Ligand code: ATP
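Okay, so here's just one chain, in structure tokens, the form predicted on its own.
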Amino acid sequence: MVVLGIESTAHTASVGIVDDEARVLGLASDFYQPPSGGIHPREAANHHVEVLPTLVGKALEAAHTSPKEVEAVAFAQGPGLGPCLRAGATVARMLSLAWQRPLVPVNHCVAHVEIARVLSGLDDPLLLYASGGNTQVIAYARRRYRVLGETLDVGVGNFLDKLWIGLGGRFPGGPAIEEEARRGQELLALPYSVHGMDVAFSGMLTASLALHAKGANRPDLAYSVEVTAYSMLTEITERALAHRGRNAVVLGGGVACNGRLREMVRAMTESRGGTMFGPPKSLCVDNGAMIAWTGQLAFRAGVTTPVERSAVQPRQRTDLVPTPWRPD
């Protein structure tokens, strides 16, 4: 069985085609690059509208698949930027109607969990989900994915983007800060904001920009931000492991591509006798394949939606989405 998935929650437009053994048959993506500042939702949505039809064709071609072989069309229903979500949902509805195939709504965060879970071979890991709009530690319990800890203000990726733009750079900030941090040597004092199982980044943003205004160089600042922010994420992940009695962690989200974060979480889990798995970067960032695979699971469990009831949900919570494909 082949399912096509459409991802459009933020700056990424992506179409993936996945079979029922989680093999990625085709994947085509395009990224909106704002001319300045951060993501402009309406402009990003316009970008998605322009490129998604072409991406559908590229994904089908790469998969050597025809529309008649697609069993269902899945789309990211939320959470995300409203205009961007609507762009992807509109294309999914059109394909569903044109091909006469079921329409399957998918939660973006759950999709990160499921693609990492199947690729890792781990049955019940924790997920550290670190991206632009989301920062959460997620675990499964009683037919839902539960949020054990999360950001109290902005996602870690959003924080990195704002910081880098404030330092004179361009969106996206995470990869640029990672590159800059490799040249850093001095660890500067920054706010370490862990509140139980939750984290906050706005104080670190203010302090970092203030240090830069006082003459701190960018490499040292980038190095200090990475060490401090990723130590916070590693701490709450370890606390979640202890609380749940688990020993396995998977990573998801664009920030989870960062080499320093991966090594810090790996060192923590291995020190506890556990395992850490980070998907390849193409499947760790937002992508259509994770939507298609989660659509596979949902469709097999009987989850579909009529077109007239397929409204996007920009604030859809991870822990409010049933997962009937997983047993208690």
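All residue numbers refer to positions in the sequence shown, first residue = 1. Given the structure is predicted, the values throughout are model-derived calculations rather than measurements.
Keep in mind that the form predicted in complex with the ligand is missing from the display, and what follows is about it.
When you look in the predicted complex, the only residue of Ser208, Thr237, Ser131, Asn107 with a non-hydrogen atom within 4.5 Å of the ligand is Ser131.
When you look in the predicted complex, the only residue of Pro125, Gly157, Gly88, Gly149 with a non-hydrogen atom within 4.5 Å of the ligand is Gly157. The three marked residues, Ala10, Pro175 and Cys284, each reach the ligand in the predicted complex, with a heavy atom inside 4.5 Å. For the ligand in the predicted complex, the listed stretch (298-306, 42-50, 58-66, 256-264) containing residues with heavy atoms inside 4.5 Å is 256-264. Residue contact check for Asp161: one or more of its heavy atoms lie within 4.5 Å of the ligand in the predicted complex.
Residue contact with the ligand in the predicted complex: Tyr230 places a heavy atom within 4.5 Å of it.
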